[in-house]
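Only one chain comes next, encoded as C-alpha cells, the form predicted on its own.
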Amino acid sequence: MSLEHAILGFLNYIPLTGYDLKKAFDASVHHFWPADQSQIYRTLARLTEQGWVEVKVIQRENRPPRRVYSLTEAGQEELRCWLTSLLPPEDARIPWLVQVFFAGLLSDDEILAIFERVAKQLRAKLQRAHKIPEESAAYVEAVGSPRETFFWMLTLDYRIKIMEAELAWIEDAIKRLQRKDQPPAEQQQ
C-alpha cells in the first residue's frame, strides 16, 4: 500500500486538513501503516500536483490560513483503480529475526534479552491496538457507514491476531531457552 492511496481513501470520506489526516491515521490505520506529519504534507503536495486532490485555502482572522484537501474525480478514479488492482507480494523484513538467526554467537542471557525486548514492544503495540476502536469513534460517526466500519475493524482484527501469534511464538522461544532446549554454547578459546 502506498501513503498516497491511504490519503486518497481518507479524503474519499470527507475533506480534511493535513493535521486532521494525521489524526485520522493515528486513530485508525496506524497499527499497520503509520505516517508522520511531514510525510503526509509532502504526499498531499504530490497528490495536488497530480490532480488527484485539490486544496481550498480558508483565511482565518489572527490565525494562519487553513488548507483543506478534498478528492477530485481523477483522485476517486485512481483510488478505485488501486483498490481493484493486484498488489505486489509483501516484502517481509524482520530485523530482529536476523539477530535471532545469528544468536548462536551470544550467551543465553543476551539472547533472552532480545526476546524480552521484542515481547515488551509487542505487548505495548497490542495494548495500543485494543484502544483503536474507542479512538476512532469520531471517524466512525463522521463516515456513518456500518459497512466501512466493518472493514476497518477487520484490519484491526488481522493485526491483533498477527501480533498475538508473534507474541505467543516469542514467549514459547523464551521458555525453550530457559529450559535449555537448545544445544549448549560451544566453548570459546
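Source: prediction; values computed, not measured. The first residue of the sequence shown is number 1, and the count goes up from there. The term rigid core refers to the maximal set of C-alpha atoms that superpose within 1.5 Å between the two forms.
What comes next is about the form predicted together with a further copy of the same chain, which does not appear here.
| request: Could you spot which one of 124, 162, 55, 45 gets a heavy atom to within 4.5 Å of a further copy of the same chain in the predicted complex? | output: Only one option qualifies, and that one is 162.
| task | For the three residues 31, 92 and 146, verify that every one has a non-hydrogen atom within 4.5 Å of a further copy of the same chain in the predicted complex; reply yes or no. | result | Affirmative, all three are within 4.5 Å.
| For residue 18, is any heavy atom within 4.5 Å of a further copy of the same chain in the predicted complex, or not? | Taking the distances in the predicted complex, the answer for residue 18 is no, it never comes within 4.5 Å of a further copy of the same chain.
| task | Indicate whether a further copy of the same chain has at least one heavy atom within 4.5 Å of a heavy atom of residue 23 in the predicted complex. | result | Result no; residue 23 lies far from a further copy of the same chain in the predicted complex.
| message | I'd like to know if residue 99 sits close to a further copy of the same chain in the predicted complex, meaning any non-hydrogen atom pair within 4.5 angstroms. | response | The answer is yes: residue 99 has a heavy atom within 4.5 Å of a further copy of the same chain.
| query | Taking heavy atoms and a 4.5 Å cut-off, does residue 70 contact a further copy of the same chain in the predicted complex? | reply | No, residue 70 sits far enough from a further copy of the same chain in the predicted complex that none of its heavy atoms falls within 4.5 Å.
| field | in the predicted complex, residues of 113 to 128 near a further copy of the same chain [heavy atom within 4.5 Å] | value | 114, 115, 117, 118, 121, 125, in sequence order.
| Core-aligned, does residue 27 move its Cα 2 Å or more between this form and the one not shown? | The answer is no; the displacement is under 2 Å.
| query | Does residue 107 count as moved between this form and the one not shown, where moved means a C-alpha shift of 2 angstroms or more after fitting the rigid core? | reply | Comparing forms between this form and the one not shown, the residue 107 CA shifts at least 2 Å.
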